[in-house]
Each structure stands twice: as structure tokens, then as C-alpha cells.
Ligand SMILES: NC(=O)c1ccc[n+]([C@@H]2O[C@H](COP(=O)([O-])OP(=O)(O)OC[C@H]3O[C@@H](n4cnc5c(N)ncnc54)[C@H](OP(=O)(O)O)[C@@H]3O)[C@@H](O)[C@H]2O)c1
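What follows is a single chain, given as C-alpha cells, in the form predicted alone.
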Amino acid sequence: MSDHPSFTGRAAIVTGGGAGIGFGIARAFARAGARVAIAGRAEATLRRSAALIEEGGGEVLVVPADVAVPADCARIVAATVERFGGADILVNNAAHFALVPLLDADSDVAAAFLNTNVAGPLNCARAFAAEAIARGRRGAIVNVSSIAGARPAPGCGLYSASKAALDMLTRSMALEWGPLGLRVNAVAPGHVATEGVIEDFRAGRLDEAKMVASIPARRIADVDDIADAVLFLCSDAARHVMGQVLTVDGGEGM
């Protein structure tokens, strides 16, 4: 485990916190002393992940929710404030991903990407910001973007467009909310060794050797690489960092 800044006394919300990158981020915050709320659609997955974090001494709140539903976004923040007395950090990690050729990308398919990857972070951030501003609290928001937001790939048109929109939304949030005490940044991972990516390697949908050879760091990121970047951006060490999209990909996107 990497050395983390202390978040003792702070409360962090992580959407999509039940698995993959989100679980890694939630676990890292808990290890650093934060109380953590994890939100997601699969309650059983959330509860299994919460149990793992609690085994390490962390305090976890499980909030079954779908960020594509605006009322759920407000409920995530409200539940966190009720349980922990406030919310200091929001990590918008929940995302929708699928390979969809643009000829097949009708309005319903597009809405699935935009509702989760753009409107979801916006609505969660709005609820978080409104609560923080009303209570006179400072806070940090990190949006989990992707290197796909800066480059096209076959079948990724809608996903890439949604992440590009999230990058600009990050900068806009920082511009509007920075003077009100909220720092907003993003991280943009490349491929990460999550359960889904590992399964793609095993099934032959992705060529691990070819991918590793294309990354200057000569390895695929693990979830702690992304978690460490998120914790940095939420920490006092990044107190003057605002509106940035921090790429964490070992050089994959160059």
C-alpha cells in the first residue's frame, strides 16, 4: 500500500464504489482515515466491498443508487450527510461503457452514455456543492474521466464523447465553484487491471502482451495507481490545483 495523506475526520463519497477503480478509491480513502460512502446499482456488490473495507477498520455507508437518476444523486449526498454529519469529498467514478459502432448509436443508446457519464456526475456534484456551500464547508470533487476523452477509437465514439464532455464539465465546475470553496479536478486513466479488463485478457478480447508493449511504462495500471492520484487531488498537497485533468496511464495515450 502506498503512503497516503491523512483524511481523518473527513467524509468521502465514491460513486461506482463497489468494484474496480471505485472500490480501490474507496478502500484507499478508508485506509487514510476517511469515512466513506459507496454508491452503486448492485447492492450485493456494494455490501461485499463494504465488508472488505470494514475488515480493515474503515467506516462505510452503502447507498444503493443509480447516478443516471437525478433523485438518486441527491439521495446519495443526503444519506452521507445524515450518517457522517457532512461530506467533504466527492469522487464521480460511476460510468457506463460499451463498444457501440456509431451506425448503431441511436438516441436511446446515446442517452445511456450521457445520463450516466455526464448528467450523473453533474447531478451528484450539484447536490454535493449545494450542501457544502449551504453549510459553509470547503470540499473537493474528482471526476474519473478517461484517456478516451482525448482520442477516438473504433466503437468508442459515444464513450469518448461523454468523457470529453466530462473533462469540460470539470473545468466549468472549477471555474464556477472555485470561488465558493470547492476544488474540482479529474483523473483520466488508461487501461486499468480491473476484473473486467482481466476477463477480457482471458477471453482473448484484448491482447495483453500487445497492450503492455504499447505503454511506455511497460505495465497496465492497477487500481491503486488511480486511487493514489485521486487522493492526491483531494489532499491539501493539491490545494492550489484546480480544473485539471490528470492523466494516469503510464504514457499509453501519447
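Just count from 1 along the sequence shown to find any residue number. Keep in mind that what you see is a predicted model, and the values were worked out from it rather than measured.
There is another form of this protein, the form predicted in complex with this ligand, and it is not shown here; the text below is about that form.
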query	finding
H191 within 4.5 Å of this ligand in the predicted complex, heavy atoms	yes
Contact flag, L182 vs this ligand in the predicted complex, heavy atom cut 4.5 Å	no
This ligand contact in the predicted complex: Y159, any heavy atom under 4.5 Å	yes
Non-hydrogen atom contact D66 with this ligand in the predicted complex at 4.5 angstroms	yes
Site test, A28, A34 and G58 vs this ligand in the predicted complex, non-hydrogen atom cutoff 4.5 Å	no
Residue among A94, A127, I141, A87 with a heavy atom within 4.5 Å of this ligand in the predicted complex	A94
The unique member of I53, A229, V197, V62 whose heavy atoms fall within 4.5 Å of this ligand in the predicted complex	V197
In the predicted complex, segment of 172 to 180, 127 to 135, 67 to 75, 103 to 111 with a heavy atom within 4.5 Å of this ligand	67 to 75
Residues from 106 to 137 in contact with this ligand (non-hydrogen atom within 4.5 Å) in the predicted complex	T116
